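A single chain comes next, written as structure tokens; it is the form predicted alone.
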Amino acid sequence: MSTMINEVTLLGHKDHGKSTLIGRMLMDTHSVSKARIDNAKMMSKRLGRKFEPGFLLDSFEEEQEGALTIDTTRAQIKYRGSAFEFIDVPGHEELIKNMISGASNASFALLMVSAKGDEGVEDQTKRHLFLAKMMGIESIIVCVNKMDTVDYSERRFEEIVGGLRPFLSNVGFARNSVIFVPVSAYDSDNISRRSERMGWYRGKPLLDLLVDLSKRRRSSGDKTLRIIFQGVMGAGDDLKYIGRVVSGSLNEGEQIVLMPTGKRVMIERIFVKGRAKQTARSGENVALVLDRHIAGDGRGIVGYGSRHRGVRSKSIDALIFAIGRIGVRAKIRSNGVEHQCSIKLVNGIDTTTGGAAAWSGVRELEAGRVVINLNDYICVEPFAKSRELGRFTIHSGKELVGIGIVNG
């Protein structure tokens, strides 16, 4: 049986050591070849620098020369029976859209905070935590990095912990869902084994903490059938509807309800990866033969089991985060379809404090609770119940200007 891969997003401000950490974990778990390490060392020498583990991860030469990650990058490791895919995302504000993309499906997150005196907890650090919580991440390991630059000071570590805890509570993280670990990613302190230079730290090293989280990972208790239709293939008698089962299971001969129309259809045949199957399960892409045609190409329609009718609505209570300027009139994209809408701000949220803010509109890189009124019905559910049906993007013309989740 294949090992489930745990997606882990790295969050944090630029230059706090995310790429270095992943590079070090690749080396400590022997997940990278000697040839690749030698190549990274040669690149370091050519640039006149000492070896940087982050060079094992960065994809572009300009990243290596500028010491700045400019695109979302992924790396996989296996450690003590658990598999992880680490998602290294940009930490600077200009590329926060990539951070959102990287964090959207992660199981849990690592937050990098530099212990270096002129770095520490910054506004961008807090925004990443706010976004992580908003995108459904429940557990976080906070890596207080660069402990070598502060002589492995327990006092400096506790200062950062004490500064972050109130904010974590304000944005909704339970105290027992956040773990703090002091590390030096460059020197591998507290990465795969406990550091002798920080004997005051009594916890486990980072990789063991990740294994613990992977074992505690809970599967969704909601087995309701939900299938999001994405289009059609073929024509006439060979017409098939394409979709993805996002929860529950789908059976040949089963009757399902299509939302937002409320119509019922029967599943005559199911194909997964081109092969006929009697059952399709959560996470599988399917091609379906139905007992009748549905309007258009079906894109955006959601299918439910016959006992469960999804909710259709023209008005959504939501939490949104602004990447660009969000006006009163906009479009939201949900289930692959764009809908015209108007957006009314209920209250602004300062993403560096987690508290309400008295703004007349949603500011860029800030958040807000809003009511969205649409021109037509869409099928949505609270994000806490269904990630796929509870999130959307906001657009102005062709520009992505925000993301949102449906409140419960």
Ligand SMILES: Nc1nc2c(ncn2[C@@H]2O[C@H](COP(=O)(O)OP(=O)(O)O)[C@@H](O)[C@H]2O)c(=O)[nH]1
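All residue numbers refer to positions in the sequence shown, first residue = 1. Since this is a predicted model, take the numbers as computed values, not measurements. The term rigid core refers to the most C-alpha atoms you can superpose between the two forms while keeping them within 1.5 Å.
Unshown form predicted together with the ligand; subsequent notes refer to it.
Comment: 177-185 is the region of 276-284, 177-185, 130-138, 206-214 lying near the ligand in the predicted bound form, near meaning a non-hydrogen atom within 4.5 Å.
Among heavy atoms of N190, none comes within 4.5 Å of the ligand in the predicted bound form. Contact check for N145: a non-hydrogen atom falls within 4.5 Å of the ligand in the predicted bound form. The shortest heavy atom separation between K385 and the ligand in the predicted bound form exceeds 4.5 Å. In the predicted bound form, no heavy atom of E381 sits within 4.5 Å of the ligand. Residues from 15-31 that approach the ligand in the predicted bound form with a non-hydrogen atom closer than or equal to 4.5 Å are D15, H16, G17, K18, S19, T20, in the order they occur in the chain. In the core-superposed comparison between the shown form and the other one, the C-alpha atom of K14 has shifted by at least 2 angstroms.
Annotation for M147: C-alpha shift of 2 angstroms or more between the shown form and the other one, rigid core superposed. When the rigid core is held fixed, the Cα atom of V265 travels less than 2 angstroms between the shown form and the other one.
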